[in-house]
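Next comes just one chain, in structure tokens: the form predicted on its own.
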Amino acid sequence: MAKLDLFKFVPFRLNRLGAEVSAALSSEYRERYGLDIPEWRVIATLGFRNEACSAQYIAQCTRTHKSTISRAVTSLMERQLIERVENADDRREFRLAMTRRGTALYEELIPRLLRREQEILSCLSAQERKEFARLLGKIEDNLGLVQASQPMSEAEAY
């Protein structure tokens, strides 16, 4: 029977790396702003978009369970960082958008997170960072992951 060297197994390495980077970044928004990881994912998704989107879209593009996103949305709405807005095309549907307070938090936090990202990637040269980003994109594309801020169609969202 073949043996698996866990420390050479790419899925394990990516998961471990992702968890470590996420933990390193979460200290920036947890301590200062009281956000947990799912709440940050909602804020981050809404923050880089120009228009409101559904909680389902956030769950899909962040690969976070719908119930986890739902709890984060409830908490963020209670803190008045995000709000529900009516969908002009379908009044039964609500989308999520940042409030002014949420946008201010996002704009204050982003430079801190970008600095932390640079610290994490400082072991790579500029060319290696570019290649790393390109290779991650290829893997994401191969797995059909959302890689853009544009909303998916209803069919793509499920």
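Computed from a predicted structure; not experimentally measured. Note that residue numbering begins at 1 and tracks the sequence as displayed.
The same protein also has a form predicted in complex with a further copy of the same chain, omitted here; what follows describes it.
Would residue 121 show up as a contact with a further copy of the same chain in the model of the complex if we use heavy atoms at 4.5 Å? Residue 121: yes, in contact with a further copy of the same chain in the model of the complex.
Residue 53 near a further copy of the same chain in the model of the complex, any heavy atom under 4.5 Å? Contact check for residue 53: no, nothing within 4.5 Å of a further copy of the same chain in the model of the complex.
Can you work out whether residue 106 and a further copy of the same chain are in contact in the model of the complex, taking contact to mean some heavy atom pair no more than 4.5 Å apart? Residue 106: yes, in contact with a further copy of the same chain in the model of the complex.
Quick check on residue 95: any heavy atom within 4.5 Å of a further copy of the same chain in the model of the complex? Output for residue 95 is no: heavy atoms all beyond 4.5 Å of a further copy of the same chain.
Even though a further copy of the same chain is not shown here, does it sit in the model of the complex so that 5, 8 and 139 each have a heavy atom within 4.5 Å? Yes: each residue has a heavy atom within 4.5 Å of the partner.
Hey, which residues along 1-25 are within 4.5 angstroms of a further copy of the same chain in the model of the complex, non-hydrogen atoms only? Heavy-atom contacts within 4.5 Å come from 1, 2, 3, 4, 5, 6, 7, 8, 9, 10, 11, 12, 13, 14, 15, 16, 17, 18, 20, 21, 22, 25.
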